[in-house]
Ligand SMILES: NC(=O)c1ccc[n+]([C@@H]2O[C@H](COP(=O)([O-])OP(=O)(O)OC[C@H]3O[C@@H](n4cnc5c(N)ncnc54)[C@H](O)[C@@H]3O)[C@@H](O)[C@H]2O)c1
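Read the single chain below, which is given as C-alpha cells and is the form predicted on its own.
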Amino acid sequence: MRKLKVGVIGLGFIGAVHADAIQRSPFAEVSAVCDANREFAAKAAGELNIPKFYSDYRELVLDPEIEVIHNCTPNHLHYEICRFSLEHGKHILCEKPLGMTSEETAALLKISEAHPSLKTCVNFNYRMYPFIQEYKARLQTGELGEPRLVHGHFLQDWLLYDTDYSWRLERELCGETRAVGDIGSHWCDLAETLLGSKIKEVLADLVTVIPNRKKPLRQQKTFSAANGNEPYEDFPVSTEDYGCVMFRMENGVRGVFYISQVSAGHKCDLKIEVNTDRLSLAWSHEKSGRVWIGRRDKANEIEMRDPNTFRFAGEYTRLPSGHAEGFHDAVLNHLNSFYRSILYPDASSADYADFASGHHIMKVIDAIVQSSRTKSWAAVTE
C-alpha cells in the first residue's frame, strides 16, 4: 500500500506527538520536518530517522515529494502556513485553533473550498477516543434516550504560579483568548461530536486570575516546571486563566462547562457528561478506558473499553480490554481518518474535524469572548 509523504512544521510538544503518530500510521510516513531553529530541526530529523529537514516552512511546502503538511506551529503562524500549503497543492492538517481570528479561519475555509481536491483537518483529537465514537453513535441512534443536558470541564494546573510562562500567554502569538481557544475549543468540539448538534448561543464569564507574570529571559518548553530562580522580566497578562460558559445547542440541549489552567492537581482533567431522559453517561480523559452509566431505577454501571462489545467504534481501538489506550492513540485515530479520506476519497466515511469545523469552533470562541465582555447571551454567527 502506498504511504503518503508528510512534512511536519513545528517541532515543539505537539509536533513531536504528530511525528510519533505519523510513524505509527499504516497510511503515511514523515519525509521531512521543519523548525525555525535549524539545529533543532536537524537533531530531530536525526533522532527520528527522517531524511530531510528545513528551517523555512516555504521550502518544505515546495518540496515536490511532500503531499501532506502538518502545521504544528504557534497560533499566529497557522493562517499563513495553511494558506501557502493549500495554494501550492498540499493537503493540510492544522493544530487548533485554526487561526487567530474568525476572519482568518473564514478566509482559510474559502481557500479550501476553492481547492476541493485537497483535504483539510483541524486536530480536535479528543473526539477520536474509542468510547467517544461508540457513544456518539449510540446517542445518535436514539437507543440511549433523548439528550437533555450536557456539562463538564477541562482543568489544568501548568500555569498555576506567576513564574509559569508560555508563548500562549502572549496575545500577539495566541490570539484574543487563551484557555478558551486552547482547551475550551476541545471541550466544545467534544460536546458537538457526541450530540451531533452545534452550539448556537453562549453566556460566558472569562477571568485573568494572574494578571502579572514573570517571563523568563530564556525560552521555556510548554508544560515545563516553573523555576523562580531564572532571570525574568515582568509580563502583564490579558488572556484568561479561567472561564465558565453556559450554552444552548441547535437540538435544544442545554449545557455548561468550565475551564482552567490554574487549578492545582489537575493535569489534563477533561470530563463530559450527557443526561438523557433515560440515563446519564460520563467520560473522563484521565480514565479514558471507562464510561460511567448512571440510572435512576437500578444500579449504576462502569463499562470498560472492550473491542468485543463495540458496535460502532471497532476501527478506533487496537488493544484488548485492560490494555490502556490514550492521547497518542486518539491522535493516531484522527490522522488515520484524515489520511484515509485522501487515499480513498470515494470510500471514506471517517469522522474528523475539517476546516469547516475549525471555523465554526472559532465562531463559538468569538461568541464566548463577546458574551464575557457584554455580560449577556451572544449568538454564534456562521
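In this text, all values refer to a predicted model and were calculated from it rather than measured experimentally. Note that residue numbering follows the sequence shown and begins at 1.
Although it is not shown, the form predicted in complex with the named molecule is what the next lines describe.
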{"item": "Residue 14 within 4.5 Å of the named molecule in the model of the complex, heavy atoms", "value": "yes"}
{"item": "The named molecule contact in the model of the complex: residue 247, any heavy atom under 4.5 Å", "value": "no"}
{"item": "Proximity of residue 240 to the named molecule in the model of the complex, heavy atoms at 4.5 Å", "value": "no"}
{"item": "is_contact(residue 36, the named molecule) in the model of the complex, heavy atom dist at most 4.5 Å", "value": "yes"}
{"item": "Output flag, 95, 125 and 168 jointly within 4.5 Å of the named molecule in the model of the complex, heavy atom basis", "value": "yes"}
{"item": "Candidate stretches 106 to 114, 209 to 217, 142 to 150, 74 to 82, one within 4.5 Å of the named molecule in the model of the complex by heavy atom", "value": "74 to 82"}
{"item": "Position in contact with the named molecule when the complex is considered in the model of the complex, options 22, 9, 361, 367, heavy atoms within 4.5 Å", "value": "9"}
{"item": "The single option of 269, 134, 182, 192 touching the named molecule in the model of the complex, heavy atom within 4.5 Å", "value": "182"}
